[in-house]
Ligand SMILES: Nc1nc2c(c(=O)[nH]1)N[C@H]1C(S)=C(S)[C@@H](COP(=O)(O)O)O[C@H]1N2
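Just the one chain here, the form predicted alone, laid out as structure tokens.
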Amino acid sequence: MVAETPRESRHDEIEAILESKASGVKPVRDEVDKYTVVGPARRDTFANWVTPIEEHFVCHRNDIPDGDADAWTVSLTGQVEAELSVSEIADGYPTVAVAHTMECAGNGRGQHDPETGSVQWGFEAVATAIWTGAPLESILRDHGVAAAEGTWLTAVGGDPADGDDVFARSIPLEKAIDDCILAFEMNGEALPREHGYPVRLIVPGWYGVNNVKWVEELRVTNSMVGQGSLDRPGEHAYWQQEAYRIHPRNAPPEANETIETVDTWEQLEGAVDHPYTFDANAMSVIGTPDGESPVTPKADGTVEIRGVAWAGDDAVARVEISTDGGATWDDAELFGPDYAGAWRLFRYDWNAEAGRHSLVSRATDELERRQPATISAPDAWRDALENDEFPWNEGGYAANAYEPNGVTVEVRPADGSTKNE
């Protein structure tokens, strides 16, 4: 078992990130005082399609490695043997740009009641950036690797652990070849250290834990990573087979060599016991109004509600808005860029009356899977989905309930008076 012990360098690292991001982010509560975590400082971050680097959330558990792009290499192992420098990755293969909505699998953990441990995210652990790098398809095919059912690609991070664990995550080789890249730029700039410099894996539409930072090894095998499956000492399986699994309290998940589906929601519906967090669930967040200050309707009496919605590998089919806390709903308009693996913008012209209002949004994906209203009690588990609830789980993973993400807004009359005047 990997120990979650406090990390002495964490607070200094957060201070450095806050300074570099010019107040675009703020710290997030971490129960184990181990993870470096910051989220956007303002809700209106979620009213825009591209998230500036200065407002992009950060989450990692170990110290940032002293990566030197001139010396860093990525080893290809398992069914292939090769070693690539960062310059060979950047200059020897096509360069592509991918829009990817990066969501921490623990997003919403702080909304669980009772709380689970570790990082108490609200809804802020998500962002969309443009990642530039080399397609894994080009790299793997150049070394004789082709997609095959049941084959997995394990990415190993080069961040130094304070124990004997190795950060390793496996994804199906088919997904890796379909749309994944090894990225070396973010939003047109060199990859920042806290986001994986000099090279990281980008897995479009999948939870952030699969997007391994500081990649130093890519291993092609016939199974997911398990204990003893890497040619190195330490704990190999924890971050794949134990952490980032969705399970009830006091029900440790069993390891699997492979699974039939990587769709997280399909797993939750019963396809896999104790689901893995791969493909992101349908989710939405209202960016404006932000609830920080009162709003005044425009001359036509409306207030624009704007936000973002995403559904992992699946398309967002619908976003609904409620201005009365979920009692009634109206359809919002989807607009702006439409790329696989990236969120959609939505807007709704609200005929706003003076007073206080509870605004919530809910997204439905192309498979007609809709955000549930709340997070269940711990003993609900499998029955939760049928009751319009997301199942409370011990790790606090993959939550997508809409009620905890709502915002309370005060509307002032257009004439500037208050409601009680």
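Heads up: residue numbers just count along the shown sequence, starting at 1. Note that the coordinates shown come from a computational prediction; the quantities given were computed from them, not determined experimentally.
Only in words, not in the display: the form predicted together with the ligand, which the text now covers.
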Would you mind picking out the stretch of 227 to 235, 84 to 92, 270 to 278, 200 to 208 that comes within 4.5 angstroms of the ligand in the model of the complex, counting non-hydrogen atoms?
200 to 208
Contact of Cys104 with the ligand in the model of the complex (heavy atom, 4.5 Å):
yes
Taking 4.5 angstroms as the cut-off for heavy atoms, does Ala311 touch the ligand in the model of the complex?
no
Should Gly157 be classed as touching the ligand in the model of the complex when contacts are defined as heavy atoms within 4.5 Å?
yes
In the model of the complex, is there a heavy atom of the ligand that lies within 4.5 Å of any heavy atom of His56, even though the partner is absent here?
yes
Looking at Glu320, Glu217, Asp179, Glu194, which is the one with a non-hydrogen atom within 4.5 Å of the ligand in the model of the complex?
Glu194
Tell me, which of Ile139, Ala332, Leu173, Val212 has a heavy atom within 4.5 angstroms of the ligand in the model of the complex?
Val212
